[in-house]
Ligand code: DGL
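Quick heads-up: it's one chain on its own, the form predicted alone, in structure tokens.
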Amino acid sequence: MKSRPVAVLDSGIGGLPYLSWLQEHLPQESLIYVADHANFPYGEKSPDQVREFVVDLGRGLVDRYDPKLLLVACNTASVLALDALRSALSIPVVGVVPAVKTAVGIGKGTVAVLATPRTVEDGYWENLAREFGSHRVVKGYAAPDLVTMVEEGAPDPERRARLTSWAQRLRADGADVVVLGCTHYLHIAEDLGRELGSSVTVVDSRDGVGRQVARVLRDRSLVSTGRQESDRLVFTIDPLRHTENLGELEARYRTWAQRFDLEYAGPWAVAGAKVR
């Protein structure tokens, strides 16, 4: 049982930096990363849609890979579907949350929470702000354009222009701390930080979430005594929509697998919100 893999789930490549944390700090664990391309992007779907396909995919993931723990490395899915996943699955489930608690202890200006539309609309991060940072101005900013830019890629001039525009907007609003409330944004954290300048601090939840995964494994006596297989990456496709560009998708995810030292495990066919 201890040798079973830890699964990491996101709508795309956003959760890979969290997997990288696990690779570095829990090297004895085998990891399986699932990019749910079939349902990307989560942040523009309705709450009911997100809960339905995330729970269904979670069940399919357990059946297919038999993980001992699931890390939902997606803020939108964590905010909207974590409770439903925990009710539906027999394994422990760890989610991610915007690092608002950390952010309100830094600086004195506005705390900007950069996230997907669904995360911004949900009251969870606002509850965190009221609980831990009632003395600070905390504002949410929906940035779905940055999610798509990271997932699908963009030419350098377009990438720079988007980040410059966002940095100017956040600074104009008095932000001195920016919370990366979508895991996709971790891929552009350094570039965004350069555009924001040294007076603005960028924070994320990688370390806290990674430590929680380690804690749950330890508390449940699930820590592996040695790696049994290579870390793997798989991505979901809807065969009704993704057949024509499958070669392009495979090339994209092969590249990401190589960047994060993962074995490319190919596409996993799903149909809409139902896993085959």
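Keep in mind that what you see is a predicted model, and the values were worked out from it rather than measured. Numbers for residues come from their place in the sequence shown, where the first is 1.
Missing here is the form predicted in complex with the named molecule; even so, the following discussion is about that form.
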Position in contact with the named molecule when the complex is considered in the predicted bound form, options A81, V147, A129, A112, heavy atoms within 4.5 Å
V147
Report whether all of F40, G43 and T116 sit within 4.5 Å of the named molecule in the predicted bound form, measuring from non-hydrogen atoms.
yes
If we take heavy atoms and a 4.5 Å cut-off, which stretch out of 5-13, 248-256, 262-270, 20-28 is in contact with the named molecule in the predicted bound form?
5-13
C182: touches the named molecule in the predicted bound form, heavy atom cutoff 4.5 angstroms:
yes
Is A103 near the named molecule? Define near as a heavy atom within 4.5 Å, in the predicted bound form.
no
Using a 4.5 Å heavy atom cut-off, state whether L71 contacts the named molecule in the predicted bound form.
no
Partner contacts for 62-95, taking the named molecule in the predicted bound form and a 4.5 Å heavy atom cut-off:
C74, N75, T76
